[in-house]
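Single chain ahead, written as structure tokens, the form predicted alone.
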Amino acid sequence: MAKRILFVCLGNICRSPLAEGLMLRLVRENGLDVFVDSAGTANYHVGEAPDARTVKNAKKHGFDLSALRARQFDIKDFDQFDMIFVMDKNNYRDLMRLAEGKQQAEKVHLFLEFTGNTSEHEMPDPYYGAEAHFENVFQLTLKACENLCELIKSHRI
């Protein structure tokens, strides 16, 4: 049975769709049986494509995010996904408030912390930042997704 991974940020237009797009390609390239999706805790951008700056930066590195569309996290996601990776502590708190019991709560992890990043535990939100912020988020996300793939390949998760 395929592992099911969900990435979550606030609006599902910058960080979580980037993680989804990068992870989708890495999963395919590594021949892993993993279903990947993303969502936002807020409903600000439901149905919208990822932020144009996120799309542009990903494309610069050979990743196409154009098919992705924002959606809001649904309480059913707790039952439909094995692991839920949030981008920051605010997203973590939001999902912990929604979690119904220990089993659901244990599925939620800070993305960078869980994947071995020791310098940062929260993915910065580039939305109000300059182009360099989008590049920084891309590099952090790529490294975290590569680490996550390695954990899956080695059956540590």
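All values derive from a computational prediction rather than experimental measurement. Numbering starts at 1 and runs along the sequence shown.
Note that the form predicted in complex with ligand 4NP isn't included here; everything after this is about it.
Annotated contact segment (heavy atom within 4.5 Å of ligand 4NP in the model of the complex): 122-130, selected among 59-67, 22-30, 93-101, 122-130.
Looking at His45, you'd find a heavy atom of it within 4.5 angstroms of ligand 4NP in the model of the complex. Though the partner is left out of this view, Asn12 does reach within 4.5 Å of ligand 4NP in the model of the complex, counting heavy atoms only.
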